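Presented below, as structure tokens, is a lone chain in the form predicted on its own.
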């Protein structure tokens, strides 16, 4: 059984609508796929219907944007109650802040590059929370950079003079809120040092105390030696490990099913979460 528990659609920063992600998952030979758009569950219904149509089991999920000590942290949540007010309020606040941040960044970038908000809005479907990936796509469309990756490595980098921070809940509190919502919290790409600074094992221990269930060990942004270290950490703290693609369509090079999760871990997630996996 091939299980990929980390994908994105146009509801956040992917390039394919939820239904198309499910179709692509089926074509990639996946048996189970999660949709984990940033700070939203808006794509769940379309993804679930399409998954049944294409013969793929669907795991409802979300990638919650967090921070700890000034370091960006991403927390995957599976099978939570999408109406749970505590988690919902924090995700709403993060989305609102992200769009405000994006507007501020466009204003700064426009001082040096030909770019406006309409360019950015043109890169996403109506209702999508606009953020740095959409600014990157606009920069590509304008011919200022060759790709999203190039935009993030230069103009949109966290140390760029155009960069603006946005609100995100503390990672420890996010774990608590996910648990309160009946979800299963998994720390996404914990040692992806190429993305920037990463939190230490002491912070992982705090997450464990708050209810962390797993670590996303098998992810292309965790260096190979880090994946083994994450397994050691998981074993020491009684956590499970997952693997996933972090698929974004054409927005990233990540390919569906390039890393997968074991059926045994999926069973644990189903036992812990209040939601249900949608099966064809």
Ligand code: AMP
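Positions refer to the first chain, counted from 1. Bear in mind that the values here come from a model prediction, so they are computed numbers and not experimental data.
Unshown form predicted in complex with the named molecule; subsequent notes refer to it.
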### Message
With a cut-off of 4.5 Å between heavy atoms, is residue 133 one of the residues that contacts the named molecule in the predicted bound form?
### Response
yes
### Task
Please run the contact check for residue 98 against the named molecule in the predicted bound form: heavy atoms, 4.5 angstroms, yes or no?
yes
### Message
Taking the named molecule as it sits in the predicted bound form, is residue 251 in contact with it (heavy atom to heavy atom, 4.5 Å or less)?
### Response
yes
### Query
Is there any non-hydrogen atom of residue 161 lying within 4.5 Å of the named molecule in the predicted bound form?
no
### Query
From the list 111, 125, 116, 149, which entry has a heavy atom within 4.5 Å of the named molecule in the predicted bound form?
149
### Query
Are 37, 220 and 255 jointly within 4.5 Å of the named molecule in the predicted bound form, each by at least one heavy atom?
no
### Message
Based on heavy atom distances of 4.5 Å or less, which listed stretch (205-213, 149-157, 76-84, 171-179) is in contact with the named molecule in the predicted bound form?
### Response
149-157
### Query
What residues, if any, in 12-31 have a non-hydrogen atom within 4.5 angstroms of the named molecule in the predicted bound form?
13
